Structures are given as structure tokens and as C-alpha cells.
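This document starts with one chain, in the form predicted on its own, laid out as C-alpha cells.
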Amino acid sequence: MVICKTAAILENTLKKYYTNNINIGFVPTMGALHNGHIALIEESKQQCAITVASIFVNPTQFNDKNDFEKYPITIENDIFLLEKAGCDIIFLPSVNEIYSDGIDNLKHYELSYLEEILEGKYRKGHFQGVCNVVERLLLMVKPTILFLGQKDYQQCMVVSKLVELMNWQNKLKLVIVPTIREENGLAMSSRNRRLTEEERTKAAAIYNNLLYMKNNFERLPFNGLIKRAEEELLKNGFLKIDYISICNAQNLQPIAEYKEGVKLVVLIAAFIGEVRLIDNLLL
């Protein structure tokens, strides 16, 4: 496994693969790795001849400074896990390497309603930061396949829009890998490290309610399902609910009632203690 800390070294390491028409898989991460990230590496190993993972905690996508400061840094363990999983190249850039012109005058991306709803509504500027870092990483790595996790459903849609804005539709394939969960159903996340054991147990209420909605959305009113889920989360110790929304899975437009043939997804964001968790499930 090769570790590269600059774009120049990364390009020099990858140049032989660029000229041989070989699939290069890319898994962008912010570190604090768990089995969800490793599932992305494993999928890339299945589909690509070479797998690159980046570890970079992106300061421009945190709308909450405290959240950025509390983000766990576990670089030695991250490198160990990536090597164990068979990752070929790790890209470990500094902030100056990614944002050589600073972070004060960043590019603006036309994301339309995608940055105004759900995560966009509650995390102003988050997706602009995501797009700024992902575009820079894509230009540095130049992968042929990009692997993302379904847990960040809306972010996957935003990155898909970014690929379109970059006019990379014909040179980059986007692969969405299903969410990996803990034994109690809690979606694996770097934020889970900040949960107490009691909070981790209670946090399973998110997945339990997602499953209930999946099993009943064809026969029960959507507003009733959402109200029940809100009550159940609050009963299980969640302090604040940002949203519980049933949407069209193709465009994230909210759907008020069941219509046969329309693919749906339910998305939840809620706080337990001081930790904000998100999750989703295709219905």
C-alpha cells in the first residue's frame, strides 16, 4: 500500500494506470473509519484494478464549528484498516493541498432545491462544501468509479449532480453501496463514537421506525406513520427531530400518499444527546 500526501505524488503514482485504460476506484472519507467505509473498499476491489481512498476532514462542509472540532481523528487505525482491507493507495492531503487558494472565496455550485431541503435546510452551506472538496479530489485522483454509501442518501444525489456539472457523466461511474449497520440496526457512522452505551442502544429506534414505515407504507397514511415515528423517537430519548420525510427516491420531492409504481425513500435526522444522526431506508 502506498501513502501519498500531495497531488503531485498521487498523480505520479497513478499515471501508469491512466494510460492503460484500467478502472480506478475511489473512496473519499473523512477518516474515523468503520465497516461501512470498508464495505466501499471491498466493493471497489471487486470492480476495479486499483483502489484509492482519501482521508481528509473537510472544514468547508461543517456548518457547526463545534462539530468540526469534535470530529474524531484516528489516522493510525484508519491506515491499519485500509491496509487490512487491501486498499492500494491512501491519499492524505493537508488543508493547504486541497485548498491552495484558501477557503474564503469558494466556488458556488448550482444545486437547485437539493441544498434547500432536508440536510440542506438544516445544514446551510454543507453541500457547497461537499462539492468543493469532492471536485478537487476527483480532479486529483481522476478515478473511473466513485464509491459512496447510501447512508448519506441526499449527499449521493448532490455528488451525482456535481458529476453532471463537471460534465464527467461519460468518464465517471457512481456506485452507491447499501448502508452497513450495527447489530441493533443503527447505521454505522463516525458520529456513533460520541454516543454513550445507553444512547447507542436507544438510537436503534431510528432503524426500528424506518422498518415499521417500510412494512406499513402501503396501507397506512403517511402523516400517521411520520407522527408515530416522531413520538417513538422522543419516547426513546431523542431530544430533537430535524425531519422525518417520505420522498420520491429519484428526486427527494416529498410524497403525501402512496402511489403504486413510485419508488420511495424515508429519511430521518434527529439528535440523541448532542449527537445528530441521519438514516434512510428505501420503501
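For every residue, the number given is its place in the sequence shown, counted from 1. None of these values were measured; they are calculated from a predicted model.
One more form of this protein should be noted, the form predicted together with a small molecule, which is absent from this view; the next part is about it.
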{"query": "Heavy atom within 4.5 Å of the small molecule in the predicted complex - residue from 255, 226, 233, 30", "finding": "30"}
{"query": "The single option of 70, 34, 45, 214 touching the small molecule in the predicted complex, heavy atom within 4.5 Å", "finding": "34"}
{"query": "Stretch from 116-124, 102-110, 206-214, 148-156 whose residues place a heavy atom within 4.5 Å of the small molecule in the predicted complex", "finding": "148-156"}
{"query": "Contact flag, residue 162 vs the small molecule in the predicted complex, heavy atom cut 4.5 Å", "finding": "no"}
{"query": "Contact of residue 180 with the small molecule in the predicted complex (heavy atom, 4.5 Å)", "finding": "yes"}
{"query": "Exercise: residue 40 in contact with the small molecule in the predicted complex, heavy atom 4.5 Å", "finding": "yes"}
{"query": "is_contact(residue 89, the small molecule) in the predicted complex, heavy atom dist at most 4.5 Å", "finding": "no"}
